[in-house]
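This document opens with one chain alone, in structure tokens, the form predicted alone.
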């Protein structure tokens, strides 16, 4: 999975983002959902498969961006 961004209307839903980007439920990590990144710009992020990210029209969304797993560095104290 990779991250992509999309500009939507305020208080947008995951379904609206999927419609705008022409994605199906199998293309999207629905557990991650739609995350508001910048409220002033109505910019949202969502996780999609790499294949889906390649199909997104650049005028509709940005990315793909890496989505590395975040883990502690080194042994626990």
Partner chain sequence: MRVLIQLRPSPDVVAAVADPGATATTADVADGLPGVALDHSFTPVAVPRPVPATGGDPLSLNQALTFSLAAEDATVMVRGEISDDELSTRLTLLPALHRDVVGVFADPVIEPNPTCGGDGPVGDWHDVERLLDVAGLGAEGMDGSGVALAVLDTGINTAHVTGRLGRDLTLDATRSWNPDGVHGTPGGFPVDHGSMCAFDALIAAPRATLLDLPVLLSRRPGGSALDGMLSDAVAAFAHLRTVLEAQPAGSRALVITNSWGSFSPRWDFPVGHPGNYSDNPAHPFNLIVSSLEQAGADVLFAAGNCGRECRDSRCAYPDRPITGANSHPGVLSIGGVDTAGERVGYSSQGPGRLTSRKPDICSYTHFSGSGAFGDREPDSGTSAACPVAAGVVAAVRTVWPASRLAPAQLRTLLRRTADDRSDVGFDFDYGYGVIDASGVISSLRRRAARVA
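Source: prediction; values computed, not measured. Positions refer to the first chain, counted from 1.
FYI, the form predicted together with the partner chain isn't displayed, but the following is about it.
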Partner proximity in the predicted bound form: residue 61 to the partner chain, non-hydrogen atom cutoff 4.5 Å: no
Contact of residue 29 with the partner chain in the predicted bound form (heavy atom, 4.5 Å): yes
4.5 Å heavy atom contact, residue 8 and the partner chain in the predicted bound form: no
Residues in 50-77 with any heavy atom within 4.5 Å of the partner chain in the predicted bound form: 64, 65, 66, 67, 68, 69, 70, 71, 72, 73, 74, 75, 76, 77
